[in-house]
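The data below hold one chain only, encoded as structure tokens and taken in the form predicted alone.
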Amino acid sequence: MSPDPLAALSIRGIEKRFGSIVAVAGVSVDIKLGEICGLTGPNGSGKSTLFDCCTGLQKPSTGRVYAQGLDITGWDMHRIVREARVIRSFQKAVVFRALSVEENLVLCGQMIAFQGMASTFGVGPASRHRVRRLREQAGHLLELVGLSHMRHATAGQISFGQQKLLQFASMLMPEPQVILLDEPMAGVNPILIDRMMENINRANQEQGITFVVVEHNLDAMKALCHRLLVLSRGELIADGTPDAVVRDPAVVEAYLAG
């Protein structure tokens, strides 16, 4: 099957095997530009593995992944971020704990925008100008996610939920077109869940970023997502509006069986 060149992501026949275990079983789906698409399913259904295959962490056993028609199958993660503008988060917040909140964003911007140690950590007027620009961008993003008052705090000292907000802001530094979020609301209190949902909506509406969100909180998914996909045992078993999908008998059975 050929990709849809207008889709943010076209996933075609993705299968991932680990020996005799089939983690993802021939999934094909198009993620539309500008949509917020949820991806859910019982534990072990293949959600994170599918993310891995789309973002360079795992190479699919068979199938292809396209970003707006560009075949990115098997690319490494850094190349996917730089050239396809597709980036992902992980279930555990990944931050540089010894650096300040602001420095986390500046370093993220440096590492993604400038390849190699010399360009990333170079000195001189050009480097100072670049860092100044990145600090301005970081300040705007910290305001967006509600962390501007903590810009000088050490990232390792802020709460887990705040680290997730910091990780979200870090992913906005390279100005991506597609963001894949792996359980952004897990282990987060209700106030920060609302903040995360607000951040996703703002980035989607103001910057046109396409989101694919893995999440088990179905109430949040119904409120946030335009569309909901469900995996079970590696297979795509439902695709539609959140209200329709959660009532689908196949989805109810999959969750009961899980």
Ligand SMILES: Nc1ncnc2c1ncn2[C@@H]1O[C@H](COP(=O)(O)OP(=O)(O)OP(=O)(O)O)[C@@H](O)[C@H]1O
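Note that residue numbering begins at 1 and tracks the sequence as displayed. As the structure is a prediction and not an experimental result, all values here were calculated from the model.
There is another form of this protein, the form predicted together with the ligand, and it is not shown here; the text below is about that form.
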property	result
Contact stretch among 61 to 69, 200 to 208, 39 to 47, 218 to 226 - heavy atom within 4.5 Å of the ligand in the model of the complex	39 to 47
Triplet Phe90, Ser148 and Met150 all within 4.5 Å of the ligand in the model of the complex via a heavy atom	no
Glu183 within 4.5 Å of the ligand in the model of the complex, heavy atoms	yes
Non-hydrogen atom contact Ala244 with the ligand in the model of the complex at 4.5 angstroms	no
In the model of the complex, Ile11 touching the ligand (heavy atom, 4.5 Å)	no
Exercise: Ile21 in contact with the ligand in the model of the complex, heavy atom 4.5 Å	yes
